[in-house]
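A single chain, nothing else alongside it, follows as structure tokens in the form predicted alone.
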Amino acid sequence: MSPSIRFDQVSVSVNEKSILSGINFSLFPGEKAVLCGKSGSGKSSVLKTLMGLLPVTQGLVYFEEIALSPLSVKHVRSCAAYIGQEPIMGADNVQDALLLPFQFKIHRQHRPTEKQIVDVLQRLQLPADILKQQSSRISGGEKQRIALARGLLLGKTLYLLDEVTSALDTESKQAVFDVFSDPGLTVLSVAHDLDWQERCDIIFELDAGRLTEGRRHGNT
């Protein structure tokens, strides 16, 4: 089996400042990995590099064994859901925000049914009536789960998650854990949450932009 994601000696610099240096790792389909380290160690930069949001100055990033380029990054973005700590809703009310991607031609024919929407909301411990609320009135944790729901409705298979459990209570967090236990979903995440780390297959430790350790969960 080929890896879904592979970083091969990847370095990233922005304004002549080194952000990542010689990053090497692979992530296979269905695996769940977490990037750990101090603030500023480069964790979120790894996610942004994969999405083509930061320029690779040295080395290569591969997605499904295709090297990242201005052309191939479109394929990465079509498969991936990138969800940060403060997701952008993009619409005034929650229902419009959830269905925003389905206004575009590429997704228009796959607009979910009301039942599909309610089912996804229930999986994420969100009430159906949240759809009627203003986006500005819902909590950070609810925004994160709406963003996750959007990715699930779009059929995304790769999730790049940046501290998505940071604003969740225990019950909501468990719902997110349950969703991502699906072996069909590949996850590369950033998290300080020890509960989240416990549920990941691989832990990558970063320090000052370098990958200092990569280990399977439960291994030394």
Partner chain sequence: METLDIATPQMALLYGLCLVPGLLLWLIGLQLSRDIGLSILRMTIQLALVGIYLKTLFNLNNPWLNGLWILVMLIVADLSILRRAGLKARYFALATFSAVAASVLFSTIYLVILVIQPTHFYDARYVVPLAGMILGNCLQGNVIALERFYSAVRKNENEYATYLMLGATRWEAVKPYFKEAIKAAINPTIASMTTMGLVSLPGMMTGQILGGSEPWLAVKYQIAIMVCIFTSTTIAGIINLKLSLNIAFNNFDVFREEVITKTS
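A quick note: this is a predicted structure, and the numbers were derived from the prediction, not measured. Numbering follows the first chain given and starts at 1.
The same protein also exists as the form predicted together with the partner chain; that form is not shown, yet it is the one meant from here on.
With the partner omitted here, the residue from G37, G52, G59, P29 that has a non-hydrogen atom within 4.5 angstroms of the partner chain in the predicted complex is G52. The three marked residues, P70, L100 and K105, each reach the partner chain in the predicted complex, with a heavy atom inside 4.5 Å. The shortest heavy atom separation between R77 and the partner chain in the predicted complex is within 4.5 Å. Within 4.5 Å of some heavy atom of the partner chain in the predicted complex lies at least one heavy atom of I88.
Residue contact check for L154: one or more of its heavy atoms lie within 4.5 Å of the partner chain in the predicted complex. The partner is not drawn, yet in the predicted complex one stretch among 154 to 162, 187 to 195, 174 to 182, 37 to 45 has residues with heavy atoms inside 4.5 Å of the partner chain: 154 to 162.
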